[in-house]
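A single chain, nothing else alongside it, follows as structure tokens in the form predicted alone.
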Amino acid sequence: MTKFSIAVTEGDGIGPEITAEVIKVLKKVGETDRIEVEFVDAPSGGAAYKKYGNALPDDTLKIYRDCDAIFKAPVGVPDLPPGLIEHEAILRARQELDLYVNLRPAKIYPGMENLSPLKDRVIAKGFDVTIVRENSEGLYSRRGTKTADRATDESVFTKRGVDRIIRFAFDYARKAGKTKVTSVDKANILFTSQYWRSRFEEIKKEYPGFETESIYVDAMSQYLIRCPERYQVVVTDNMFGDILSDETAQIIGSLGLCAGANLNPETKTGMFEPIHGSAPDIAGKGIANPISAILSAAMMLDFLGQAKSASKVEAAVQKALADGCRTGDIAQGMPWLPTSKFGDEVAKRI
């Protein structure tokens, strides 16, 4: 029996609803694959702020460090100052744990092509793009000032930060059997992007056999729509990765279909989360899409060395979709299931 401890942040809004489905699926795959999972409550987000006066209590941070992996549902409530949750709960966790990789794969599963806003001829060869986003520097470095008549944000790029994310992208591509790595920047304007591109050009020499390309972010935002078949693994900075990964999620049909991971391969620390928000407007209605959260849990299993179990979970999601199971956001006129029932259908197929 393999044992793991998982820190669980239920989050806010729809967070508890989709977390329940993640736990359901993990328990089911645990039964089939002899994996024992201990779920450890780790409060963070808006509810935690209101209860403890801190959106990321020190006790939670300790739990994050002590557990084998972290599952974090979306955090955020509408009645707190803008940026408070993002800075205290999200950015602080990533930076305190040095989770410098944000990994966001997006693919169109067979039979789900109708969800994409792209024309059939554009996605005829499929869509399978992974955004590798630098997760600790750039414009999200939490450095800046704001006064009544001026605001600044400092974009910080370091050699260590840039080099390690670019190398991760190549290593990830090699492990995934990919042949091309694309770097995205704004080197025609920004000093930081010029530095990024120079490091990419140097590091790619360490990885012969890969096709490589550097593209400006404004062009890339167009190419993902016009010719997505050209791209496999895309590595970019924090801000551009945030935007482009939301674009790829919409291309496959919904933010609710895209998984996310925050990683530090060196310390073997991983936080896994859906890429969408807490959606307080639909909280408690039982209509949230748990797919992104469940696929994030599959990524977590893979991170924990349980590749077979991870594949089972992803395959169960794919089979449920192929069998016509839908949540409301992706139904497009088909009958749809509430959150818990969709989770049941995934668990049933493991």
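Numbering starts at 1 and follows the sequence shown. On a predicted model such as this, the values are computed, not experimentally measured, just so you know.
Beyond the structure shown, there is the form predicted in complex with ligand IPM, which is absent from this document and is the topic of what follows.
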Open item on the list: I'd like to check something about I90: if you look in the predicted complex, is any of its heavy atoms closer than or equal to 4.5 Å to a heavy atom of ligand IPM?
Closed with: yes
Open item on the list: Is it the case that R94, even though its partner is missing from this view, gets within 4.5 Å of ligand IPM in the predicted complex, heavy atoms only?
Closed with: yes
Open item on the list: Taking any heavy atom pair closer than or equal to 4.5 Å as contact, tell me whether F71 reaches ligand IPM in the predicted complex.
Closed with: no
Open item on the list: Can you work out whether Y140 and ligand IPM are in contact in the predicted complex, taking contact to mean some heavy atom pair no more than 4.5 Å apart?
Closed with: yes
Open item on the list: Based on heavy atom distances of 4.5 Å or less, which listed stretch (123-131, 82-90, 168-176, 108-116) is in contact with ligand IPM in the predicted complex?
Closed with: 82-90
- [ ] Would you give me the residues of 227-244 that have any heavy atom within 4.5 Å of ligand IPM in the predicted complex, in order from first to last?
- [x] D242
